[in-house]
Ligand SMILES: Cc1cc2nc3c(=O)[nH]c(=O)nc-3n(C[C@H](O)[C@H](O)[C@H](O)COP(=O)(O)O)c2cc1C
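Next comes just one chain, in structure tokens: the form predicted on its own.
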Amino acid sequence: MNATRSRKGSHIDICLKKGVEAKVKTAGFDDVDFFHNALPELDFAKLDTRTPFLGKRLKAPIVIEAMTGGYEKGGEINLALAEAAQEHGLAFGLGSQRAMLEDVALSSTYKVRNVAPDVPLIGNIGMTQLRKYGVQKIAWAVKSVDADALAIHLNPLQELVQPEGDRNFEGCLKLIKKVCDEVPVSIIVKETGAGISPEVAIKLAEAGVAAIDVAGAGGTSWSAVEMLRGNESSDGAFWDWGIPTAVSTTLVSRAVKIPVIASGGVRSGVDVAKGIALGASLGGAALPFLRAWGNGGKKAVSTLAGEWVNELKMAMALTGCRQVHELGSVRLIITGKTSETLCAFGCFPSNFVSREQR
């Protein structure tokens, strides 16, 4: 078994069996509250959660985020997650396709179109692999899985913690622009649990990316995963490193005009609703769906997806929103550390309170 294939298996086993989420830092959603509407004057059955994304229309603005591929169990997991995405009309992201670039025989573990013909499917490659494989090889990887988009994941923290990780990040922005110009699908740039700042978001938008997935701190800590994989002390200094998701989502959404995906510590349909209320177009998560699969297979994944869609609709009803995009203008009460951080950046929580109540 090659090193990448082995590492993929270790990552999944650690995420399924060990505590890999942030210890102290939270995603910030607990600091965000909707202003309840006791007289919404709407019919729950008529609420519309449909959302345009990548030229298709989702039934709900949720992405089952990138997790796995590149080994046998990864292929099994991908099929189960993709089936749930197809059933509920969600988007689905494949795990890093590095393994199939190293060994074409592993391509089958990423191919899910037979069970998810209508799903907006997102391919995936790491920033540091762009330099190694070049644009043509990356384009082949996207085409071979029939993906609608490519997510380039930024993971400098994980690479620095990983003993065998890449440590040269020079020229990354130039490579992203080249991919945007030459690969004929939408390009998404995502972090992997440490968040994206508004300054980085502006650079990415100027480079031509179609969407930004903030993947903020407060959920799965990939520095923790790497420390656990290396049997290192679990109290590492970088376990909780990063920009909390609620802060990253708010600031990035203010900084750019392209769609933003709120992910990182999203743990319910209400969290998805909060992300959209803070400025995102969609919400996403990985670990909850992976653990659902681990506890009950594809049926459990589908059940969880259905619960999240229902929770999202309930949040809409209780804030008087007939269409999901209306969540972007409902009143919010933002307190705690999230409020303090946003104020430090000149984004005052009082502006969310002064929105017109539905």
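Computed from a predicted model, the values in this text were never measured in an experiment. The numbering used is simple: start at 1 and walk along the sequence shown.
Below: the form predicted in complex with the ligand, not depicted.
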The ligand contact at L157 in the predicted complex, heavy atom, 4.5 Å: no
Looking at the partner-bound form in the predicted complex, is K132 within 4.5 Å of the ligand by any heavy atom? no
Wondering, does S223 line up within 4.5 Å of the ligand in the predicted complex on heavy atoms? no
Would you check, heavy atoms only and a 4.5 Å threshold, whether A285 touches the ligand in the predicted complex? yes
Is the ligand in the predicted complex near all of V32, S197 and G279, within 4.5 Å of a heavy atom of each? no
Candidate from G265, G74, P120, G242 lying within 4.5 Å of the ligand in the predicted complex - any heavy atom: G265
What is the one choice in A66, L327, A60, A305 with a heavy atom within 4.5 Å of the ligand in the predicted complex? A66
Stretch in contact, per heavy atom within 4.5 angstroms of the ligand in the predicted complex, of 252-260, 142-150, 200-208, 185-193: 185-193
Residues in 4-21 that come within 4.5 Å of the ligand in the predicted complex by at least one heavy atom, in order, are K8, H11, I12, C15
